[in-house]
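Presented as structure tokens, the chain that follows is alone, the form predicted on its own.
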Amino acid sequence: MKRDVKKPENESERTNDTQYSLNDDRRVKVLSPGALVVKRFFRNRLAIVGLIMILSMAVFSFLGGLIIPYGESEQFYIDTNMRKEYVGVTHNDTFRYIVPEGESFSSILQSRFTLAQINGNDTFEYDKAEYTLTEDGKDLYSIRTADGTLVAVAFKDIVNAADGVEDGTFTFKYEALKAYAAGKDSFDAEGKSYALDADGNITLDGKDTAYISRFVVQPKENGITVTKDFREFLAEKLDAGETEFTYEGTDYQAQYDPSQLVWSVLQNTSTHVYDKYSSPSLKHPLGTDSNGMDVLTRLMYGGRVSLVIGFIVVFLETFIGVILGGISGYFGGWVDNLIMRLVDVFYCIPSLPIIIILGSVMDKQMVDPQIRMLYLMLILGFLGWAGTARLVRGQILSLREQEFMTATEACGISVSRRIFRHLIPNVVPQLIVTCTMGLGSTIITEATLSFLGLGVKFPFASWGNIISDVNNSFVMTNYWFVWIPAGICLMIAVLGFNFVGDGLRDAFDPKMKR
């Protein structure tokens, strides 16, 4: 019996039949696996949030550094008034010693002299030798051996060279001290006649040569020259009991240490220092760190380093893992056993101790920070490929026995093309998920190493070494703007990669209903 076939009554019905034809290109596109993966991915709201987080960090790191006017290692300074120790002043009440050239007067002899002087003895003995004390004036003694050889002079008044004049010889100092103790107004030394006033000033032909004082002024830093006028000024003020005074426009403050019997003179100076730990402002929205660098700028450049290291390390892991895993899974047999035992060895390698040792070696060798960063990426990539190789090998073991691989053998396709053109593409979905999930862990690893001082080094920034600026509880509690923003950026980036990885895993799963 012939069945009647209903024909389209009008043009509209023909159009609808044509629209839903299975041969239509648009219908084929909708049914393509790639489109289904994309559709499933964008239906996953958490994956979209992760993608937005990653893009925001990428824009912040790579474009922000081009907009902000500061450099990665640019330091900022401020002028501030600081008090720093300038000189130490003591009033000498103990005996000091000078010896002629070629003689020595050890600390033991000094002790024996002090004991004899306190007891009022004229002689003392040491090591079967006898020494004679001669009082040349108040608090001035000459010490000689039994045969009359002068071996030392003990004194409390100190002969100081005048400004720009070299220190005097033993003979000059001894004759000056004798004349000062005897109240004389002149003395001769080394064929020259010197004038001496009651204040202890010594002149030669009207020019200042030296002066005698019991005030000892010792500079606290190299390069400080203490003039005679300043010594006399300090002596006058300290004798008068003043602790704050001004000399030639500079303010000073004196503090007495009774345990050391020393006056510490502090100088108030305007100093050009790092603007470190500056609070957030319009100039520095996130403040400055311990080196006086803009925290926001460091965050941007640090994001570049952290993200680039993450991508390059994952690329190296994937590249090595795909090659070795593909060869192992396709050939099997002794090749598979050899590569898998190598994988087992790399699984057993303690990565963190090795990285710590290598970091210490690079510190010892003072490797350039840029070269060090390259070494860090190579080391992390070389130590992390084993997981990818095992994943690729497992997938290829299940794929190589399928019909399409039999067809490639029948067609005479080379082994390399079978592996890298027909097998590896079928593993790409799993690789994408693994790489995306691994990016977050790699960034965390780099941040941990940089925090420990083993990763990225100054002047380069990374989120890890920015956080490492928190080296004590005081900084952590009082300067939150230094480390919290870096921690937030790190958290956003890692969470974003994890969310995207979860979304890709669900999108590539053919059993997903969404």
Partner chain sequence: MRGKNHAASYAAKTGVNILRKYIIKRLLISVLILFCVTFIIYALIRCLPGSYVENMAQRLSTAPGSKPYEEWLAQLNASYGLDKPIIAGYGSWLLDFFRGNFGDSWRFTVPVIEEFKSVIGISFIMGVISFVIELAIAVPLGIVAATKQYSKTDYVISAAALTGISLPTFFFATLLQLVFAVKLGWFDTHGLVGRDYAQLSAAGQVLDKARHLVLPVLTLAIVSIGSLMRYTRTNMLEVLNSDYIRTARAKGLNEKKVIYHHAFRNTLIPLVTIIGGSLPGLFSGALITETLFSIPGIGFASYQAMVAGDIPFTMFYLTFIAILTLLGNLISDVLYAVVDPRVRIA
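Positions refer to the first chain, counted from 1. Source: prediction; values computed, not measured.
A second form of this protein, the form predicted in complex with its partner chain, is not displayed here; the remarks below concern that form.
Q: Can you pick the stretch from 312-320, 259-267, 339-347, 170-178 whose heavy atoms fall within 4.5 Å of its partner chain in the model of the complex?
A: Only one stretch passes the 4.5 Å heavy-atom test: 339-347.
Q: Within 4.5 Å of its partner chain in the model of the complex - does that hold for a heavy atom of every one of Leu358, Gly487 and Met491?
A: Yes: each residue has a heavy atom within 4.5 Å of the partner.
Q: Only one of Leu55, Ile68, Leu452, Val38 comes within 4.5 Å of its partner chain in the model of the complex by heavy atoms, so just point that one out.
A: None of the other options qualify; the answer is Leu452.
Q: Going by heavy atom distances of 4.5 angstroms or less, which of Cys435, Leu391, Val159, Ile444 would be at the interface with its partner chain in the model of the complex?
A: Selected option: Ile444.
Q: Even though the partner isn't displayed, in the model of the complex is Ile467 close enough to its partner chain, meaning a heavy atom within 4.5 Å?
A: Flag for Ile467 set to yes.
Q: My question is simply whether Gly102 lines the interface with its partner chain in the model of the complex - judged by any non-hydrogen atom within 4.5 Å.
A: No, no contact at 4.5 Å.
Q: In the model of the complex, does Ile354 have a heavy atom within 4.5 Å of its partner chain?
A: Although its partner chain is absent here, Ile354 would touch it in the model of the complex, with heavy atoms inside 4.5 Å.
Q: Whether Asn44 contacts its partner chain in the model of the complex should be assessed with a 4.5 Å heavy atom distance threshold; does it?
A: Looking in the model of the complex, residue contacts with its partner chain include Asn44, since a heavy atom lies within 4.5 Å.
Q: Would you mind checking 363-388 for residues with a heavy atom within 4.5 Å of its partner chain in the model of the complex?
A: Counting only heavy atoms within 4.5 Å of its partner chain in the model of the complex, the contacting residues of 363-388 are Lys364, Gln365.
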